[in-house]
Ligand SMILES: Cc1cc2nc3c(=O)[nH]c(=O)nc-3n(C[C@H](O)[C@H](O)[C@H](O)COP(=O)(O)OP(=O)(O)OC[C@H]3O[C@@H](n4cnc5c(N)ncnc54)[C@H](O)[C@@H]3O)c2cc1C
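Have a look below at one chain only, the form predicted on its own, in structure tokens format.
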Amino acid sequence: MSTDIAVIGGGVSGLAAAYELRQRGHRVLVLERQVRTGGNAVSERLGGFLMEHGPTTVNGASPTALAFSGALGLDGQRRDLGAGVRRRYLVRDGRLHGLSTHPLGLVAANYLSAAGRLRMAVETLVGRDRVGEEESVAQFCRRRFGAEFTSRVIEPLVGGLFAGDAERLSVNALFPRLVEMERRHGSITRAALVRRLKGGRMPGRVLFSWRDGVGSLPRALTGALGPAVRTGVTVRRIHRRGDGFGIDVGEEGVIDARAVLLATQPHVAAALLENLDVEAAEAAAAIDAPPLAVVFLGYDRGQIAHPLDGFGFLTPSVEGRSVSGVLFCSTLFQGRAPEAHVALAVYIGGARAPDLALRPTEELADLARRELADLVGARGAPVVVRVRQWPRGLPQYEIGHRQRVDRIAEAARRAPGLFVTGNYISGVSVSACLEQAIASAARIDGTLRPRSMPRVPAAAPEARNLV
């Protein structure tokens, strides 16, 4: 069997890249080891409840994400954030503190001490003595906004969004826009004001999903690709074969491909790269992805004392709690719980407590129930409980990450026809994966175009919006 491009990995990144490559007129084959596609973008119906095992939202400010939704016929299933999302909650001194979703909500609230808020307010006076140097997220934020803001706001934010440690993650890799804002304006506050004056919207106000969850996206991509997607196929080895590649898939033989796109987790990419590019393999192997557990619980509405009028809550490490955060799923989007019920997702593990995420599921469920009883007044047994453990969670963009990614990207130069994409390249969000996949498809197309047929002129008009 032969193909123009073999995409190894059937998660969102691999499927999106394959879809775009086929729109450009290439023969594509997606090889997925699991029996289903989607990677960690898994949405599961539990009676009238909907559990997200992985990502929960999509950034509606991303033209690429919107274009995919339209091209795949998903716009009619779109769900915007619920009207009940009015606050963001953080834990302090053992209880929830609600902050308005307004940009100035943190300043107006009493969550931080007066001294902490004053230190934030003088950010415009802080110099730029570290501009150009790589810093951790914590170092950058302490320097610009102070220690209290960093430990009480940024650290839980990083723990909740990226399952990471703010002391180890690179601000240059994770939040490059903040670094650029400081470079251009000399102050994050000043840059944010300029953005607001120009009509910029806060990302959280344009988040969306679909009726049946984020898993709708890989399902639609898989359906659109049809026989080009093969599941239950394990790639054992990739080797040079003529001017292309031979892909060993065990008893099924060897697949010939002119180009290969690795769209797997970094540790899998590292193993497959060993025989092709040692430098890239070492760089991919150095990217950690600590275990993460998701505990989904459904309750009768009367069992929860809290109004659940927000995204959920995050817990700073200084609070000494076992969970990094909780999402109020049924508040976020319509249809996540039956009428008169609510749904919550509790996140445990990550870089903060990797071993905890691998505890027995019963223990994790009990831990989640205790935390919810303490913080949102959950009483009695939940209607539904489901635990998902990810032995490898989100990739960690630690100090030096951009250099590691550069080394991985250089594989295309050292081994022409070899490309890499995934959530460890330029962002862990769904929209970032889609944008990176499109960029990868464009590079592959540029490499193969001189020897390939012209782009099929009958490509769907909406698909051209994805380029």
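Being a predicted model, the structure only gives us computed values, none of them experimental. Residues carry their position along the shown sequence, with the first being 1.
Keep in mind that the form predicted together with the named molecule is not shown, yet the notes after this line are about it.
You can rule out all but one of 399-407, 64-72, 38-46, 438-446: in the predicted bound form, only 38-46 has residues with a heavy atom within 4.5 Å of the named molecule. Taking T331, T264, S209, T315 one by one, only a single residue has any non-hydrogen atom within 4.5 Å of the named molecule in the predicted bound form, and it is T264. Proximity to the named molecule in the predicted bound form, defined as a heavy atom within 4.5 Å, singles out one entry of V420, V430, V28, M51, which is V430. For T234, a non-hydrogen atom is located within 4.5 Å of the named molecule in the predicted bound form, even though that partner is not displayed. Residue contact with the named molecule in the predicted bound form: A18 places no heavy atom within 4.5 Å of it.
The named molecule in the predicted bound form is approached by R33, whose closest heavy atom lies within 4.5 angstroms of it. Shown alone here, A6 lies farther than 4.5 Å from the named molecule in the predicted bound form, counting heavy atoms only. Taking a 4.5 Å heavy atom cutoff to the named molecule in the predicted bound form, the contacting residues in 385-410 are W390, L394.
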